[in-house]
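Next up is one chain by itself, shown in structure tokens, the form predicted on its own.
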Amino acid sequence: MNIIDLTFLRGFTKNDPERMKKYIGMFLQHAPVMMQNIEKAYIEKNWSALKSSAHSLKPQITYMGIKSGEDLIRTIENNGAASIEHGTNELISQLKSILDEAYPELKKEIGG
């Protein structure tokens, strides 16, 4: 089962393989760092950083068509905005697992 659905990205890039490769490559480079920032912000209980980091990652998850991560990242962002600790760590763990599954699929898309 695929984690990604590149329909949006194909439309966004007008199905240009080079542009798709560029955006996927940027996601693969930046998403793990953003995920680390989310985890660090949660550990430090830095709610504004958690909200900000989740907000930055949210559109990228949408562009890559990682549907199973969209609600999670939205809830993580909202929890950061409201300083909600309960359940947030589990949401972050779920999102990290989903992204860890998505990365190889995306790498395959760009020939990596």
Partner chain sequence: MSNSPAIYIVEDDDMQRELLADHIGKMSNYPIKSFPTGEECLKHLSTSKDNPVIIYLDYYLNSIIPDAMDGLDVLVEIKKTHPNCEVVMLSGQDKIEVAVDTMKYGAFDYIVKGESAFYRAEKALFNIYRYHKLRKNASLYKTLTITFAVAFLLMIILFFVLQKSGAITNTPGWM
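Since this is a predicted model, take the numbers as computed values, not measurements. Numbering follows the first chain given and starts at 1.
If you look for the form predicted in complex with the partner chain, you will not find it shown, but the lines that follow are about it.
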Subject >> Site check K45, G87 and I98: each within 4.5 Å of the partner chain in the predicted bound form by heavy atom >> reply: no
**OP:** Verify the contact flag for Y23: yes if a non-hydrogen atom of it lies within 4.5 Å of a non-hydrogen atom of the partner chain in the predicted bound form, no if not.
**Re:** yes
Subject >> Residue contact check: K40 to the partner chain in the predicted bound form, 4.5 Å heavy atom >> reply: no
**OP:** Indicate whether the partner chain has at least one heavy atom within 4.5 Å of a heavy atom of M34 in the predicted bound form.
**Re:** yes
Original post:
For T75, is any heavy atom within 4.5 Å of the partner chain in the predicted bound form, or not?
Top reply: no
Original post:
Since the partner is left out here, which residues of 31-63 would have a heavy atom within 4.5 Å of the partner chain in the predicted bound form?
Top reply: M34, K51, S52, H55, S56, K58, P59, Q60, T62, Y63
